[in-house]
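Just the one chain here, laid out as structure tokens, in the form predicted alone.
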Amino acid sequence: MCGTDDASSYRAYLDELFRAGLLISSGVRGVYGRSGTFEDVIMGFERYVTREGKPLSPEVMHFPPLLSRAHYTKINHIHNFPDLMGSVHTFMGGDPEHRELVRKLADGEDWTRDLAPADVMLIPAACYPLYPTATGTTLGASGRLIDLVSYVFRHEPSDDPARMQIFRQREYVRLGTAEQALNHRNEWLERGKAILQSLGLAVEAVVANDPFFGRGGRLAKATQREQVLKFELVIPICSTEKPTAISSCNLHLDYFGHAFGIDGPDGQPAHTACIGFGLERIALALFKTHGLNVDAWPKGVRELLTLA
């Protein structure tokens, strides 16, 4: 079904998921409801990752999918990915403005221009809300390891079921020295690969880059690749020509340390690194690999996911 890179292969798998009731159409591309079975698979994977990470004694944090607008402006996301961002706007007027808003709605006019920006943005990466919480701190000799999860938003509507606009990321983030961050990225690249392969997913680690925007983005992509800052664990879901990244391992250098005033144990801006698991994408890869009937999945996979 999903062998080539034409748009029909993506739509075919999406329709298959709809018919099976695993995903539920919302009428907006990339925004779907999930069935109980789909969620069971995601929760099973999260339990598995938790077990694998527990010996490292991470701090555990869960954030809502919202980030302070003031904190967002400290990050170069608007410069690098303006096409992906999500800004929250709301109504802040009084009775006269409300009457005008309702009139425009009734008359088919653009009422959204009467909204004002709220104090929050939709977060584009699960780790972004973490760094502001460490502003003004100096890390101890061992640094910090945080296990976190959140829904994230990226405005890229698509018929590719793996390219959702709203989805979840499970991350392990390291704050510390340059050596600690690099070791974290490299160790979790291998650990993440082993976790996914143990579930029957034939992932491959590849050097990658983020989808930087515009002409300046070409240089940023090349620089990121030359410095080998990002690896992705990829697997064909709907295309053998363009396999899907279901996990990524990222080295941020001291970018967030500078941006949020976080110092390492040596007094220099802290370095950070993370692994991110795309939970919906991993579920989609599992359904593509093992079939849409979870009861027929290999016994070993079901046991690792603690599925009844």
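In this text the structure is predicted, and so the values were computed from the model without any measurement. Residue numbers here begin at 1 and follow the sequence given.
The form predicted together with a further copy of the same chain exists for this protein as well; it is not shown, and the discussion that follows is about that form.
- a further copy of the same chain in the predicted complex comes within 4.5 Å of no heavy atom belonging to Thr240.
- None of the heavy atoms of Gly267 is located within 4.5 Å of a further copy of the same chain in the predicted complex.
- Under a 4.5 angstroms non-hydrogen atom cutoff, a further copy of the same chain in the predicted complex has Ser25 among its neighbouring residues.
- Looking at Pro55, you'd find every heavy atom of it more than 4.5 angstroms from a further copy of the same chain in the predicted complex.
- In the predicted complex, no residue of the candidate spot (Tyr128, Arg225 and Phe287) has a heavy atom lying within 4.5 Å of a further copy of the same chain.
- Leu101 is the sole member of Leu101, Leu229, Leu189, Leu182 with a non-hydrogen atom lying within 4.5 angstroms of a further copy of the same chain in the predicted complex.
- A heavy atom within 4.5 Å of a further copy of the same chain in the predicted complex is found for one listed residue only; from Ala141, Val207, Ile78, Leu219, this is Ile78.
- Residues with any non-hydrogen atom within 4.5 angstroms of a further copy of the same chain in the predicted complex fall in just one of 209-217, 174-182, 191-199, 232-240: 209-217.
- For the partner-free chain shown, Ile78, His79, Pro82, Asp83, Leu84, Met85, Gly86, Ser87, Val88, His89, Thr90, Phe91, Met92, Gly93, Gly94, Asp95, His98 of 76-99 come within 4.5 angstroms of a further copy of the same chain in the predicted complex, judged by any non-hydrogen atom.
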